[in-house]
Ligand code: 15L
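Next up is one chain by itself, shown in structure tokens, the form predicted on its own.
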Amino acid sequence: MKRLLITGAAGGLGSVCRARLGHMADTLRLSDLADLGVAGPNEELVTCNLTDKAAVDALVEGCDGIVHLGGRSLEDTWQVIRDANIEGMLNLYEAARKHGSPRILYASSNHTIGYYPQSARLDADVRVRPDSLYGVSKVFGEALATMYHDKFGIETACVRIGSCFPEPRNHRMLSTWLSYDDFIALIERVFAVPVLGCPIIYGSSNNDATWWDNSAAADLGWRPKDNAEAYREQLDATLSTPAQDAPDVLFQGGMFTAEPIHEAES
């Protein structure tokens, strides 16, 4: 493709994508509110607030694909969540509708289904059970992507990212871990397949302890290779086993289920 937009490009996953997706497009258009440093040879750097409709419209114009990582990635006040993850999401999709309907990878979250017990195995059709205002905003994003696909034909991969880090950080991540290699391979497949549609995909590696069934997205051809099980002994040796009634053991969303609702400062 000619131009791939990565929103949230200064963040953790955005930085990984910036470093590893240059082969996918003639130009990477990188966007964030935070400092993006100096542009590389095939990079365009754009400071953009997702709540600024006109700025988002200009950001999306001329893009053939979008990796949408931008927004608030943790629990926060409703005002912060609403502005970044709801208003910003709507602005992005309206801009995409007006500028050629580029294919989108939307970074949704496992926190859309966080209140399911860890004993449950979930597929893409399961009823949502968000564990936080953040999770609610990601449910909204999936619904918005579905509507823009059905009404306007914009294809989106809604990826319910588990825990994407260089390696699992705790015992819960033995089930939710998504390696960087597997995440990049997923992005490559999303933009390579002839027809995408609007699937929900669980973003986790080939973990023995997984809670999620990705069979509905088998046609995508994504075959994650890494397995968090390789880190179990290391975690057992360095971390104490969590209590059996701890949120990290009871619920798929882990500690997000124990987060209070954040009130805005008056």
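Just so it is clear, the structure is predicted and the values come from calculations on it, not from any experiment. Residues carry their position along the shown sequence, with the first being 1.
One more form of this protein, predicted together with the ligand, exists but is not displayed; see below.
- Just one listed stretch, out of 171 to 179, 115 to 123, 89 to 97, 139 to 147, contacts the ligand in the model of the complex at the 4.5 Å heavy atom level, and that stretch is 171 to 179.
- Residue contact check for residue 78: none of its heavy atoms lie within 4.5 Å of the ligand in the model of the complex.
- In the model of the complex, the ligand sits within 4.5 Å of a heavy atom belonging to residue 110.
- Though the partner is left out of this view, residue 74 does reach within 4.5 Å of the ligand in the model of the complex, counting heavy atoms only.
- Mapping the unseen interface onto this chain, residue 165 counts among the residues with a heavy atom inside 4.5 Å of the ligand in the model of the complex.
- Residue 134 is the only one in 128 to 157 with at least one heavy atom within 4.5 Å of the ligand in the model of the complex.
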